[in-house]
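So this first bit is one chain, no partners, the form predicted alone, shown in structure tokens.
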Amino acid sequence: MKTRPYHHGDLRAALLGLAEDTLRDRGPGELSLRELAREAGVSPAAPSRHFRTKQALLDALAMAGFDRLTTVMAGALERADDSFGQRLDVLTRTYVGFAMNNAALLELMFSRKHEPDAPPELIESMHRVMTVATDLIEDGQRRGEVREGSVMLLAVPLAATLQGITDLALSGGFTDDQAEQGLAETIAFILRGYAP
């Protein structure tokens, strides 16, 4: 009987990649550490060196998603011009684009944030995403392009609007043109709300 090898070049990364594929294609209920080990070509016990439970794997996948979203949003803002309106446009479109391309991952990312046993690292990675938005608002206030007020309170309608437009876009009831027009209207709506 041939046994599978225990070691793998970067098993943790391979498992996360395979888990994300399974999540996207079949949902979180279909994730199995044993099945992922088989797909990675390692022994059934090998994944336990990185993820003791399926929930630990899901939490790591959510954290990786938050890290990726933070990197994508920050990178997009670095390429944008200095005006608040243009930066908000870029941030909004980047978030919605990420959500559309990673719907199952985004759902996983935000599903655990209020659960009492959510790991602190997961909450911290979620806060890093929020910091990108609050830093944008704060910068807009310094430049006089955003009205005064608590940055955290001003971030609430932005977060709610982004989530709402994402949910509507993912529901599939829009043509590409309608989705684009709706996104442009949403951005204009947010800008009016932030105006001094």
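Computed from a predicted model, the values in this text were never measured in an experiment. Numbering starts at 1 and follows the sequence shown. What we label the rigid core is the largest C-alpha set whose atoms superpose within 1.5 Å from one form to the other.
Unshown form predicted together with another copy of the chain; subsequent notes refer to it.
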- Judged by heavy atoms and a 4.5 Å cut-off, are M152, I165 and I190 together in contact with another copy of the chain in the predicted complex? yes
- Per contact check vs another copy of the chain in the predicted complex (non-hydrogen atom within 4.5 angstroms), the hit among 45 to 53, 165 to 173, 31 to 39, 63 to 71 is 165 to 173
- Query: Does any heavy atom of R147 come within 4.5 Å of a heavy atom of another copy of the chain in the predicted complex?
  - Reply: yes
- Task: Give a yes/no on whether G17 approaches another copy of the chain to within 4.5 Å in the predicted complex, heavy atoms considered.
- Result: no
- Task: Determine whether any heavy atom of H114 comes within 4.5 Å of a heavy atom of another copy of the chain in the predicted complex, and answer yes or no.
- Result: yes
- Answer with yes or no whether D21 is in contact with another copy of the chain in the predicted complex, where contact means some heavy atom within 4.5 Å. no
- Message: Using a rigid core superposition, assess whether G144 undergoes a CA shift of 2 Å or more between this form and the one not shown.
- Response: no
